[in-house]
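Next up is one chain by itself, shown in structure tokens, the form predicted alone.
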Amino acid sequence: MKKTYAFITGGTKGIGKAVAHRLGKAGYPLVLTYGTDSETAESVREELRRLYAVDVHILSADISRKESIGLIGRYLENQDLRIGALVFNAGLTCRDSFEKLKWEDWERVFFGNIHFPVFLLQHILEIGRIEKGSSVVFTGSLMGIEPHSVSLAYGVTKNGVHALVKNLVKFLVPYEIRVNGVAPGFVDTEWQKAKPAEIRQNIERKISLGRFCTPEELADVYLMLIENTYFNGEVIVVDGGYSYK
């Protein structure tokens, strides 16, 4: 059993949930944030506890609100929790067309995907809740590399996440903390499974392996970045050979 906690934003659904399972299986006690679905979060907590016999905390924290940063900090202090792995997984998008894109929605996506993790990390460092030798992992996206025709704000901010990984390396040297990122392609989460068969097939035709990534395959990459102590400043693309044709 690990002594320090793995903290995962957006850890009760999709990719975050898969990472929580992988880290729980590896013996990490967990702190998972979620949005508003407390019923699902509680169900995930009980499942993780039952399967892996690890301590699991859940905390509602809206990444589009600055107040959530202090809320998380106070929770860590009040519960006396120390972090050994920090996974910034939660993210926001806006799928409005360019012509209908609103200033406030653009700002909201930038706040959730860029500003929130930067200043949450700053705050956690400030209150001394993260250990030396810890690992920070960001969830980027293939859409931060390939042109994204569905959400301009999402593609631009995920590219910014990749730049954060590269630039934070130097700033985290005094704390002996490593920082890396994962840029997933198309992953078989609940949201992707709900897509019409024709759309899924069009995507699969662009992937060399001919299929979506499983959440479990992707979660293994997060564990690798957390536990391999020589990875630093890397953004690992996990896309199965997308756009190989």
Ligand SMILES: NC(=O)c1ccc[n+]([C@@H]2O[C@H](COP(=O)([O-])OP(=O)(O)OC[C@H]3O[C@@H](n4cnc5c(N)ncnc54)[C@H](OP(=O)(O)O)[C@@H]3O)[C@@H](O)[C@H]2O)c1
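Not measured: the values here are computed from a predicted model. Throughout, we count residues from 1 along the sequence that is shown.
One more form of this protein, predicted together with the named molecule, exists but is not displayed; see below.
- Note on the interface: of 133-141, 119-127, 77-85, 171-179, the segment with non-hydrogen atoms within 4.5 angstroms of the named molecule in the model of the complex is 133-141.
- Looking at C94, you'd find every heavy atom of it more than 4.5 angstroms from the named molecule in the model of the complex.
- The named molecule in the model of the complex comes within 4.5 Å of a heavy atom belonging to E190.
- Interface residue remark: Y52 is not counted as part of the site for the named molecule in the model of the complex, having no heavy atom within 4.5 Å.
- Although the partner is absent here, V31 lies well away from the named molecule in the model of the complex, with no heavy atom inside 4.5 Å.
- Contact with the named molecule in the model of the complex, defined as a heavy atom within 4.5 Å, holds for exactly one of E204, E42, E217, D62, namely D62.
- Residues Y34, G35, T36, D37 of 34-56 are found to place at least one heavy atom within 4.5 Å of the named molecule in the model of the complex.
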